[in-house]
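Okay, so here's just one chain, in structure tokens, the form predicted on its own.
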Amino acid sequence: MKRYLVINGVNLNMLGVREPGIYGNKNLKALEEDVTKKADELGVKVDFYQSNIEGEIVNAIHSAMGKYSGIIINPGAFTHYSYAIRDAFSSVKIPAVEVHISNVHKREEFRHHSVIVSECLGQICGLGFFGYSLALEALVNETKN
């Protein structure tokens, strides 16, 4: 059975507490439950990882090589400046989708640019937790063979 890794970056452990007007009232556990339900529907497995530390996220991406068919990542603020995370994706060549709960293009100017997305299949933003399910479906479709 194919496995996919969902990586949530900086401050996503604070979902449900941090800026509920932007991110909603559901916590990270609820997000993981939603994605697990979608994985069951698609007949795949998902594992979850969250860290506020850039190097740990890089290590998780490196460790995914040969173990996962794809990665969903919400890097949080690392999206805008983490060349280390970008280079980790470039190194492992695992299909990835970048996800953001809020529509980053309707927010502050600095949030409009991702240094990571160039190493991803695409980016989904502004669809709340549902964006993760869409990302999983896209990865499963991309990695059918």
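All residue numbers refer to positions in the sequence shown, first residue = 1. As the structure is a prediction and not an experimental result, all values here were calculated from the model.
The protein also exists as the form predicted together with a small molecule; that form is not presented, and the subsequent description refers to it.
Put simply, of K45, H62, K37, R107 only one has a heavy atom within 4.5 Å of the small molecule in the predicted complex, and it is R107. Contact annotation: of the candidates S69, S102, Q50, S114, the single residue with a non-hydrogen atom within 4.5 angstroms of the small molecule in the predicted complex is S102. In short, of 114-122, 50-58, 89-97, 76-84 it is 76-84 that has heavy atoms within 4.5 Å of the small molecule in the predicted complex.
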